[in-house]
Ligand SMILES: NC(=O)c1ccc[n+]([C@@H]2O[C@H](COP(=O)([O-])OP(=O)(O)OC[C@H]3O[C@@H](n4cnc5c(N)ncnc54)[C@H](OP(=O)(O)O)[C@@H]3O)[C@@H](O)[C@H]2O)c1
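Shown here is one chain on its own, the form predicted alone, set out as structure tokens.
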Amino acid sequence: MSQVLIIGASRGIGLELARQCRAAGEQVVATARSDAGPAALEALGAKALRIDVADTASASGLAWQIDGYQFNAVWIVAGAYGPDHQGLQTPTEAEFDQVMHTNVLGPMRVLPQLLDALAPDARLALISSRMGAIGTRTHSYGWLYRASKAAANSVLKDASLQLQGRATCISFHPGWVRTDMGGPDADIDVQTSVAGMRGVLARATSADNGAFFDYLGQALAW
């Protein structure tokens, strides 16, 4: 049975990933930081871990809780949007810390703890955003979120170099998704986004290691 780890599955994309993976017969371990998150995951038949990637003590407890697993797929989903600044509006220190600790430091805390828990030829996905792309950027709204996702893409790229030959690492733009973060006017539903990304990750080969894709499998520029 395939083993899947989902970091950040309290709601939205992470929770839907847990639902689809369980429906496919996969063994799922998923983390949540909200009070309601573990119960929702356990109702799906997933093993729920209480982890907050933005908290040092909480995040450091991941490794011992996944000891003995050999994950075929890992999804790092946990994320925060922060203030909807239009650019050149300085975020507060608290806003900066919340977004950067979740979106950048979170993956940097999680990734080293996965080294002994990856199955041979594992797949690792980071949920990023095309808002983090620099070369194709034409807007500056949400500039703190954009900065965090550009940094997260850099983290994923470095992970792909370190894990080359052991895992295929991919950064994903999930689309503009109707979740609490994306809002009700977004383009696609969460089921479509997750199904698309699962398909792309399943088809990925070692040649895709370190790549940036959207949920349809289209390669994106950094």
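Note that the coordinates shown come from a computational prediction; the quantities given were computed from them, not determined experimentally. Throughout, we count residues from 1 along the sequence that is shown.
Keep in mind that the form predicted together with this ligand is not shown, yet the notes after this line are about it.
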Query raised in the report: Looking at the partner-bound form in the model of the complex, is residue 177 within 4.5 Å of this ligand by any heavy atom?
Result: yes
| request: State yes or no: in the model of the complex, is some non-hydrogen atom of residue 181 no more than 4.5 angstroms from a non-hydrogen atom of this ligand? | output: yes
Task: Touches this ligand in the model of the complex: residue 51 (any heavy atom, 4.5 Å) - done: yes
Is there a non-hydrogen atom of residue 162 within 4.5 angstroms of a non-hydrogen atom of this ligand in the model of the complex? no
Residue within 4.5 Å of this ligand in the model of the complex by heavy atom, from 125, 144, 78, 114, is 78
With the partner omitted here, the residue among 34, 70, 56, 154 that in the model of the complex has a heavy atom within 4.5 Å of this ligand is 34
